[in-house]
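For reference, the chain that follows is the form predicted alone, supplied as structure tokens.
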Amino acid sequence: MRRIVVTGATGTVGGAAMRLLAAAGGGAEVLGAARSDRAAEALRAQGHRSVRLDYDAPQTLRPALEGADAVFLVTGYSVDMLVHSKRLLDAARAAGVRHVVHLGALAADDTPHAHFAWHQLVERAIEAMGFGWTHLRPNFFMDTVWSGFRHRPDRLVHFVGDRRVSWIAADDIAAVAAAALSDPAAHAGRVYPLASEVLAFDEVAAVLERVTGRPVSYRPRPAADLLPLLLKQGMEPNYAGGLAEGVAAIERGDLPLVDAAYDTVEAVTGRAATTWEAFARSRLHELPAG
């Protein structure tokens, strides 16, 4: 029986991948990585199996990966993604893992911006270590913007001005990941850009206004305001600086591919990518009454 280990299994993309892989069946054993008893219990409550895996406890990595054929590599929003990825890849090679599907970020291959460059360094390490690989490169997550909007459903706030950007739903990312994990040979050596609908934030606000039937405004803030806000929220400073630098480049119009769109979801899964309108309609029940 094939074995698949999903890191980030209690997160947005990893959790969706777990659900899709479990629903697909196909005889594979799917294990969700859990760094704590609480995470393991959360996975069990959803009907999933878990395995103890903690990036900050390297001794847990190889036992978690023994017998696995494929791994979905998802790391946190911190410069620690570099050492965490190396630890996991070293353990995966020692355990005999053959294929790694990595969740990165969409950017040109020669990007100078840390937020994207760190992901690309992880990609290069995966390739150099001899794994079969599939690289996922999503652009703006619909889910991240919706998370803020559902708490304040009269506004969108962001730091990219009037720039148009391309969007992807986490469920679509997970669907492509699940396809690659289920059939690695069919997706080996592929870089999958994940970005479909192209909309500026004021256009997203117009979609949300139409779907919700409530006034929704876009309230842009200068990109220079982002770094102090991220630090106040407790984001790791190195990562926060790299993220803010990338957002400032978008605001200036200096970030290639930020408005690029692709048919990856349809090509891989056979169905169209989720639009902002469909995404919002499917989540109307999450909004406060009123």
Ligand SMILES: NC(=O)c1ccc[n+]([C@@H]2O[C@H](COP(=O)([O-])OP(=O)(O)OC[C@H]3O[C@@H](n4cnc5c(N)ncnc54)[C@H](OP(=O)(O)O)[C@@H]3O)[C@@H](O)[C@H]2O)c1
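Numbering starts at 1 and follows the sequence shown. Quick caveat: nothing in here was measured; it's all calculated off a predicted structure.
Here the subject shifts to the form predicted in complex with the ligand, a form of this protein not shown in this document.
Across the proposed site, D202, P220 and R283 without exception lack any heavy atom within 4.5 Å of the ligand in the model of the complex. In plain terms, the part of the chain that comes close to the ligand in the model of the complex, with a heavy atom within 4.5 Å, is 97-105 out of 97-105, 123-131, 146-154, 176-184. When the ligand is considered in the model of the complex, D37 lies well away from it, no heavy atom lying within 4.5 Å. Under a 4.5 angstroms non-hydrogen atom cutoff, the ligand in the model of the complex lacks L21 among its neighbouring residues. Within 4.5 Å of some heavy atom of the ligand in the model of the complex lies at least one heavy atom of H119. Residue contact check for F140: one or more of its heavy atoms lie within 4.5 Å of the ligand in the model of the complex.
Shown without its partner, this chain lists D263, D56, E41, D254 as candidates; in the model of the complex, only D56 has a non-hydrogen atom within 4.5 angstroms of the ligand. The partner is not shown here, but in the model of the complex the stretch 67-82 reaches within 4.5 angstroms of the ligand through a heavy atom at V74, T75, G76, Y77.
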